[in-house]
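As a starting point, one isolated chain is supplied in structure tokens, in the form predicted on its own.
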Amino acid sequence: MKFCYFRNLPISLLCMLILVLIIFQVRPAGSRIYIDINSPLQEKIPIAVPAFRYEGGELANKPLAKNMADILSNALSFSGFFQLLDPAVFLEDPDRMGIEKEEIKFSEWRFLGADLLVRASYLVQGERFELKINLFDVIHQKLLLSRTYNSSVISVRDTILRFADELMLELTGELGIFHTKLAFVGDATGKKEIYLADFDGSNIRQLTNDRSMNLSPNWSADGKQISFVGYKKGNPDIYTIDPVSKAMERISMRPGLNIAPAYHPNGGKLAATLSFTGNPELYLLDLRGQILKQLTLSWSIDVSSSWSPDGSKLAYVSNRAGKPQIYLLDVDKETTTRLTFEGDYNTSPAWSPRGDRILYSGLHNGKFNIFMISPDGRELSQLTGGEGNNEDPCWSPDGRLVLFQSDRNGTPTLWVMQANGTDQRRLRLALGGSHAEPDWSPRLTRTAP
């Protein structure tokens, strides 16, 4: 530095500049983002989740030690961010391991390959339980997150998923998806009804039960309503339903088609295809079904719309070029541009939560597959292929996962994959029949530390 300063002033200034940059690039403790959710090349982080330590109470609740660890492990594995270490390789009895920093043998966990470690203990008193749970950075030997929960025994799963959400917030800067739900169409009763399930396909609940045909569920932006198409009265009409109370209302019952509802991201209105004038066109409706604006006007069939996150544009399907293709409508400017040119049959567009990508289903070599494209028509990529028909894609709220239907095993059912097409796996729905037309809810809680 002495030579740098006295012998050459410009070099001295450069050295000082580099030093300043290095200093200011060091992030404060606790501010590190461990996972870049925007990176398609993010490697899975090895994490260890031993069984929780039982601190006392009724012996009947001792199995919760493993059950809670399993709930957390399954949720983290589902997210696609983590590689769970096999508990069979752990070097200590989880019931004897400490949960505080000074009790953790970080070198042993590092030897096993863990980057992160979760340790927890719990106490059950009657119908209440207290849970202390910590997340450690094994490499840097520090505590990243510590939470204490007091709750009822019957809400164990919800409590663990709350921690999982907060863990994701700590590691990524964004809440997890563990308090979201899936709406989909199932025919287990012999009729097409709307069902709900948790983010991973568990806790299935039948939402409609009118023994007719119900299609195209779509969540409102606040998660308080689901719109769908129902044939309860014989005609394809648009209904809304409260997913908690099941209170239902028919909002559009015009002659002809009332189909493909899509809630506006800012609330208060939805897009839908109506054919009461004779030709299926896109309209903007209020929540009572009153027409606010006609969005398209052509001889073609315009259907299957998806809003951009800011609500300024619609991706939709039209056969105005002869065969179904994806188009983009600027709602305010009332201008339309064609998005897809590859393939003769493209449908079911789904705009990403960040607005930078659009999924769709396209016919390729006699099979439907999932494709992804940027809104400017560039960066086209195929996400599925070679295994059955793959259709009706939708996004998780964080834009990391894609849910879709596939008949690769014979019967159409729901599958999930990373947004780059990797890690495709089937949801284990405890429901017979076929499962189709999924839609992923927004986050239904706003859990925060």
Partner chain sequence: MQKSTAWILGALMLAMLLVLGVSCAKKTVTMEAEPTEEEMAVEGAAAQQAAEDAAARREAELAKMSDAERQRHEAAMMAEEARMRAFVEENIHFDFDKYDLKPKAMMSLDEKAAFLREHPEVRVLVEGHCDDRGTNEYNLALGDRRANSAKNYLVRSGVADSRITTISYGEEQPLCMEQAESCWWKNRRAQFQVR
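The structure presented is a predicted model; accordingly, all values stated were derived computationally and were not measured. Positions refer to the first chain, counted from 1.
The same protein also has a form predicted in complex with the partner chain, omitted here; what follows describes it.
Enquirer: When the partner chain is placed as it is in the model of the complex, which of 113-121, 169-177, 198-206, 255-263 ends up with heavy atoms within 4.5 Å of it?
Expert: Within 4.5 Å of the partner lies stretch 255-263.
Enquirer: Is there a heavy atom of residue 398 lying 4.5 Å or less from a heavy atom of the partner chain in the model of the complex?
Expert: Outside the cut-off, so no.
Enquirer: Is it the case that residue 268, even though its partner is missing from this view, gets within 4.5 Å of the partner chain in the model of the complex, heavy atoms only?
Expert: Residue-level check for residue 268: no, no contact with the partner chain.
Enquirer: Taking the partner chain as it sits in the model of the complex, is residue 192 near enough to touch it, meaning that at least one heavy atom pair lies within 4.5 angstroms?
Expert: Yes, contact at 4.5 Å.
Enquirer: Contact with the partner chain in the model of the complex for residue 73, defined as at least one heavy atom pair within 4.5 Å: yes or no?
Expert: Contact with the partner chain, no.
Enquirer: Tell me, which of 150, 155, 235, 141 has a heavy atom within 4.5 angstroms of the partner chain in the model of the complex?
Expert: Looking at 150, 155, 235, 141 one by one, just 235 meets the 4.5 Å heavy-atom criterion.
Enquirer: Heavy atom within 4.5 Å of the partner chain in the model of the complex: which of 333, 293, 246, 323?
Expert: Contact with the partner chain in the model of the complex is made by 323 alone.
Enquirer: Where, within 365-397, is there a heavy atom within 4.5 Å of the partner chain in the model of the complex? Residue list please.
Expert: In sequence order, 368, 391, 392 come within 4.5 Å of the partner.
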